[in-house]
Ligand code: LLP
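Here's a solo chain for you in structure tokens, the form predicted on its own.
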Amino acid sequence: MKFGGTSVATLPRWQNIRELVASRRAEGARVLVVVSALTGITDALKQMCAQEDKGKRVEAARAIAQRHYDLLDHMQLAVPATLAERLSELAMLAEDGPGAMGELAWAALVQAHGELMSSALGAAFLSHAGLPTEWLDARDCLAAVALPNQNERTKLLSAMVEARPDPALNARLAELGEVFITQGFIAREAQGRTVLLGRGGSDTSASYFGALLKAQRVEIWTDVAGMFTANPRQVPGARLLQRLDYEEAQEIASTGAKVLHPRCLSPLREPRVPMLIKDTNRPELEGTVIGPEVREHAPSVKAISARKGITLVSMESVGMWQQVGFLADVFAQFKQHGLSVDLIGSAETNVTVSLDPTENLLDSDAIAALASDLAKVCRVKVIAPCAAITLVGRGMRSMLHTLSGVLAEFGQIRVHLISQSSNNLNLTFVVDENVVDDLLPHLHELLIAAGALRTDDSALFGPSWQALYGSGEVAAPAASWWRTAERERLLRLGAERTPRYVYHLPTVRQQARELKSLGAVDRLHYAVKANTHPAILKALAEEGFGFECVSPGELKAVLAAVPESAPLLFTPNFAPRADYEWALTTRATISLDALYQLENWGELFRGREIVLRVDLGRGLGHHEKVRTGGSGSKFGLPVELVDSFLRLADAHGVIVRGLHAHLGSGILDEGHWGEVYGQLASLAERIGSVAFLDIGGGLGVPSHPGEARLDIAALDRVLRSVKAAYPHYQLWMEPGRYLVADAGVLLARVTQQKGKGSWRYLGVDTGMNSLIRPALYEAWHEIVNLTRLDEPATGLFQVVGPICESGDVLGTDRRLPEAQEGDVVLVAQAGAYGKVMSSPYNMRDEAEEVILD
């Protein structure tokens, strides 16, 4: 059990340690406690070493001693003999100075006293508190080894220990007692001198001891619950990482996470000793377990981290291409200047490397001296300050197809270097340092939305930082209606018959009223294609919505279900002439989106007021197949053809009364609709006859756990702001999925299971015939075993249907309880584009629809 400086600095903290150690003893374990120096003591010792004046050194040593006396007073303890010896030795070192010992060896011995004193104090406190504790000198156990290329400084101040299981040490300690306390940060080298283990030395000491003793586990007790998917101070929604393997944890630590020093994991790999990171002040929190690789998890990005202060050195020379020894000459310069290289990118005539400040002393003089020497063999460019943003996860290459939206973000900024690690554990982008703080939270959200950061897997990802440590100002999302009040009713419906779609009208009404709070919006049309059930159409009509239809069939369904007062929009795409002819006999406002309609059927629209749908040149959305803008999409008239359209409209007496743009679905950036309104308004100013602007729909519905919801209040502010600039245009919107997705679920029953290699398949009695979104859009829907909702999710399944297609997969790598034939399985967020996109493929029975009001 390792405790850091803040954990050993006060009496309450030591009382906490006593309780934690006692709890491990109660489990039947023998315990070795590894401690750091009291907070601030190591810095005070370093300052003492820097003093050339003996009197100031002595004074500093007395102040350091007084810190320990004060803590002993709070503990109501006399000075233990072990601590008295350490204080006496420190006073002597201050008095004598480096002397014959040499400055580095003297400084190492002085700085070692922080841990020597805190451990001596801790042994006395724990023993006095009823937990007999043996003080152990770490230097008698940890032997530093000399490494090639080490100079005297690194040998003494950043030493390495080769720790292998030592049964003799284990047996010796077993004879001495049950609880021990020792020091982090220090060891002894072959000549008998005290050495330091460098930055993160106390964590590393704990790992060395864990390996030597082949411990049950090594526990690192700190001020956070473990490692998170991002720096929680930048990303409050970062999730606790509950399980990591050694390599993943090391990558996360070495690419920016400060919780753990990457060097402390290496000793544990060979003896396969697990590590547990825990919060000293919140021991009830689960923490992060780090151990050997676990295979039963789906590939997932585990974390996104950032390191600032990166310097890039770009070296270019036409003469380097296929020249033997060129790189050797270049890297010899880095070695000569004592600089270690982190990332490397190469081309035929260029090599670019990064220098990390955590491993190098990067001042301007060092960089200038390096550049000067490199200039003798190549052209040099130094790029700084930069930052490295790294995605970490085992099997990174297998996840690249899920990262398109994330990678697109890097297309908006300057990227100096991209590096994909040879061990397939990380993908790194080096960018300008000033973009990182805003970019990191956004990328974290995108990773969740893309399903690349698998927050749905409860075996890997725990609660968010906000949930664990937040102020409570951000309310937790309300539990889904199907989890609470309606669960029993759904189980009865599922037991009677499946497959069944079930729609919850109170949720539809709730979503409708939320959107009606958008004060800047003059008219809301429901995109009927999302769900055409008459009960839903009637409910939305009662809430004051209009309706947007894309076919005569949808128009007829609406006309049959809603009052004549409900406004209608007809927005077809590549529809036949007959569709327009029929729609013109109704009260619907007609939308056109091509020159063809007026070039060939102009007389049909003579004297009519129409809406022109334009393509603003870009598409957005969660998948390429829901992006409805840009040259790759069939929707909308390109902006550059608007003047041609207006000439045709004038020729046929057609009035353009509205402009419309819809760029895609699943959008969670509230600023998007403000941009669309602004662009349409600018275009409308040129036309003159426009009265309203329809900014489309596509309001995103978060699906993955932890994914941020669309901020409706923020959207309201955006729309009010842009409308204030163009108050003479009415503002229309046409949401669809946002209104009904969460209101619907698909019920199915378990049919059978199958194992194939490491894969486990869970079959249900419907599939892509009822819900095609996963196969068509790679859409992610939450899937639960409603029958066993309260049971632990221990199995990893591919949830599949009975359709004879390899693509008949409703959910991949889903963590679910062990199931039995007949269990009711629920697929969430199925209220939109579910039943309306179903088919009789394989002649399977269609899903019945049920309404809950």
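Throughout, we count residues from 1 along the sequence that is shown. Worth saying up front: this structure is predicted, and the values here are computed from it rather than measured.
Omitted from view is the form predicted in complex with this ligand, to which the following refers.
This ligand is not drawn, but in the predicted bound form it has a heavy atom within 4.5 Å of Leu699. Looking at Arg483, you'd find every heavy atom of it more than 4.5 angstroms from this ligand in the predicted bound form. A residue is said to contact a partner when one of its heavy atoms sits within 4.5 Å of a partner heavy atom; Thr204 fails this definition for this ligand in the predicted bound form, lying far away.
Residue contact with this ligand in the predicted bound form: Tyr833 places a heavy atom within 4.5 Å of it. Only one segment in the set 733-741, 67-75, 332-340, 537-545 has any non-hydrogen atom within 4.5 angstroms of this ligand in the predicted bound form, and it is 733-741. The putative spot formed by Lys529, His660 and Tyr777 is fully lined by this ligand in the predicted bound form; each residue has a non-hydrogen atom within 4.5 angstroms of it.
Of the residues His444, His533, Lys155, Arg613, just one reaches this ligand in the predicted bound form with a heavy atom at 4.5 Å or closer; this is Arg613.
The partner is absent here; in the predicted bound form, the one residue of Arg193, Arg773, Arg454, Lys278 having a heavy atom within 4.5 Å of this ligand is Arg773.
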